[in-house]
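Next up: a single chain in structure tokens, the form predicted alone.
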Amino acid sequence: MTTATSKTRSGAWSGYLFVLPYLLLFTVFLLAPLAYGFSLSFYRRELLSVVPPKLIGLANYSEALHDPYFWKALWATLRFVALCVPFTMLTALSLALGLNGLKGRLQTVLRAAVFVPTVLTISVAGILWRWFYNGEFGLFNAYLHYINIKPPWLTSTGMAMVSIALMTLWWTVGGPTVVLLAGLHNIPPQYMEAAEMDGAVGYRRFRYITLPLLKPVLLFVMVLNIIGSFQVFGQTFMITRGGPEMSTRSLVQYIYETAFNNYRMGYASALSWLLFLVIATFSAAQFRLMRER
């Protein structure tokens, strides 16, 4: 008994030794910065000031809740999430179902074509779509000119966010499509054969067989999509710089400008943690909703 117990303990210690390098890196590069950022949110910390940091408690959070620019940036972020997440999910699911119906090399080629835009960096994608949206020599208006339509893609407060959401859909839909396609491939064919024998085909098979079995993958993709959409920064920064009239300035962009343009690191840290609370709330609500259904 003693020998078996000692062997079990030695095996446990060897396991801890194997994961020790990862735990060290995880602590140094993730947990420690998170802890420092959280503590920084309770200080008045000016990046270029000679005045030492001063503990001010919840003053940064109180200022954020009374800051009209914070609420405007949060509203712009919520608009982007509301525009991007549903259309990305619907488009990715439609593409995955279409690709799943194809066989052989054709599926491989089309799957690669759908995934290719996600390989581009945001700087390349942003410059490309800024040219597409250009009102004078842009690609879209060059074709729409023949039917006398010239949309204000980036100059209208009502349309600028829609344009950014459209660009994001093109840029990011490949990832969710591939994940959903993998989920479709993992559905046992026996279920489909049994459903076909019972007369469940087309929409009925999708609703009662495919969709319930795909729910865990859908939840995974949707939560990641929501988190990524709340963290939008590159698209708005590269294409509109937050304009027109700050209608596309996301919360992450406001945090960036507060920290590195205004040098208010403590206040920017408080804004970051408020954004974390918003993301956590929406993610938890999504988990609860999907679990109940």
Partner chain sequence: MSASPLPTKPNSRHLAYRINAVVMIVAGLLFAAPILLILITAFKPDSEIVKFAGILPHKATLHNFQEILGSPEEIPIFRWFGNSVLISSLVTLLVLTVDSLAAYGLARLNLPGKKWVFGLIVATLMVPGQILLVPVYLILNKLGWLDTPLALIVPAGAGAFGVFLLHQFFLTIPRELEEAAALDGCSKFGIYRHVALPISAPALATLGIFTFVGSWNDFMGPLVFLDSVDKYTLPVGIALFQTSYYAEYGLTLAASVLCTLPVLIAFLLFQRHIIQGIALTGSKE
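If you're wondering where the values come from, they're calculated on a predicted model, not measured in any experiment. Throughout, rigid core stands for the largest set of C-alpha atoms superposing within 1.5 Å between the two forms. Residue numbers count along the first chain shown, from 1.
Omitted from view is the form predicted in complex with its partner chain, to which the following refers.
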In the model of the complex, Phe132 touching its partner chain (heavy atom, 4.5 Å): yes
task: Spell out, yes or no, whether the shortest heavy atom distance between Gly98 and its partner chain in the model of the complex is within 4.5 Å.
output: yes
message: My question is simply whether Val179 lines the interface with its partner chain in the model of the complex - judged by any non-hydrogen atom within 4.5 Å.
response: yes
- prompt: Do Ala59 and its partner chain share at least one heavy atom pair within 4.5 Å in the model of the complex?
  reply: no
query: Quick one: in the model of the complex, does every one of Pro52, Ser247 and Ala285 get a heavy atom within 4.5 Å of its partner chain?
result: no
- request: Report the residue, out of Leu74, Met192, Leu219, Met89, that has at least one non-hydrogen atom within 4.5 angstroms of its partner chain in the model of the complex.
  value: Met192
query: Taking heavy atoms and a 4.5 Å limit, what residues of 97-126 are near its partner chain in the model of the complex?
result: Gly98, Leu99, Asn100, Gly101, Leu102, Lys103, Gly104, Leu106, Gln107, Thr108, Leu110, Arg111, Ala112, Ala113, Val114, Phe115, Val116, Pro117, Thr118, Val119, Leu120, Thr121, Ile122, Ser123, Val124
- prompt: Can a Cα shift of no less than 2 Å be assigned to Phe18 between the shown form and the other one, given superposition on the rigid core?
  reply: yes
